[in-house]
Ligand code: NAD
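Here's a solo chain for you in structure tokens, the form predicted alone.
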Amino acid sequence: MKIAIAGAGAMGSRFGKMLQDSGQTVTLIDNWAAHVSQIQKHGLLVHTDGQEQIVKFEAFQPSELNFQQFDLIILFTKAMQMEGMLQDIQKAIGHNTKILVLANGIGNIETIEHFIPRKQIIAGVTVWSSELDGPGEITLTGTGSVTLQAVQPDDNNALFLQQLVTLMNNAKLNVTVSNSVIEAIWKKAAFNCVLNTYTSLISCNVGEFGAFSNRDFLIDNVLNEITSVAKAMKVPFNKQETLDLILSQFKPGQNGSHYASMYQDLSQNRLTEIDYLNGYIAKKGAEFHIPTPVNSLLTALIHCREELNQMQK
């Protein structure tokens, strides 16, 4: 299968590395010129448990793709950059190209539908983690899993999905198919509304947050508001399952040493996905006249951090 990763940052590069280790040929696509150039010249430097490995990839900026097309494009582009990426890679998307979206946030499927039919979209969520150390360099942390569902199920999509699950599980990505991926997307978004946002504001890793004495109070306030908004939108959301997933990250051998992607973005003076996480909850809360003071405050605080970064440039 001819595979591309669009948005080859920390997570996209991790998936590319794991897929290529399993025998697939993967092309990395990213808008960060220095990152792409480093991979083109020297390969991707991967740190795992104190060991280093150089992984060679074909890597391009979107403008360099010309007319090559792919069977599968795994979309890891950040939510606020997704529309631009899809516009830039239109020539790489054929009539039979499937797009698997694993990017964080809520509302990504609606964005993709402006570019391709629903039958070509596979929605997914993942709790794998990775850190982008610099151009052409990542650190792999913890373990994870992936949940997938074809947005428009039919016989052809069922066959492709079966092939995709086999391919990705050969890469040890721990993939399962769900009949309710929207529920999984909200679960992951709520997970990020808690861990990404709090750890970014506090400037700590996942394990340090898990050790705080008022951890449960902080988590509960975010999840309670998400539960109310999800109910109003008639979206399936299970607070207890989400809480269990969050708490599992604090266990030994999981993702305690991980610094969230939002933390990494702020540390590199990049904009965050806050408007597609806590900000989305606050926006929908306002539409449905549901108070969301905690998610609204967290959104405002992250925007303050973004503005401060811009002032200090």
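This one's a predicted model, so the numbers in the text were calculated from it and none came from an experiment. Here the rigid core means the biggest group of C-alpha atoms that line up within 1.5 Å when the two forms are laid on top of each other. One rule holds for the numbers: they count along the sequence shown, beginning at 1.
There is also a form predicted together with this ligand; it is not shown, and the following applies to it.
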| query | finding |
| --- | --- |
| Options 47-55, 245-253, 278-286, 26-34; stretch whose heavy atom lies within 4.5 Å of this ligand in the predicted complex | 26-34 |
| Heavy atom of Tyr198 within 4.5 Å of this ligand in the predicted complex | no |
| is_contact(Gly16, this ligand) in the predicted complex, heavy atom dist at most 4.5 Å | no |
| Partner contact for Lys188 in the predicted complex: this ligand, 4.5 angstroms, heavy atom | yes |
| Proximity of Lys78 to this ligand in the predicted complex, heavy atoms at 4.5 Å | yes |
| Partner-contacting position among Phe209, Phe115, Trp128, Phe160 - heavy atom within 4.5 Å of this ligand in the predicted complex | Trp128 |
| All of Gly9, Asp88 and Asn104 within 4.5 Å of this ligand in the predicted complex, heavy atom check | yes |
| After fitting the core, Phe70 CA displacement of 2 Å or more between this form and the one not shown | no |
| Rigid core superposition, Gln40 Cα moves 2 angstroms or more between this form and the one not shown | no |
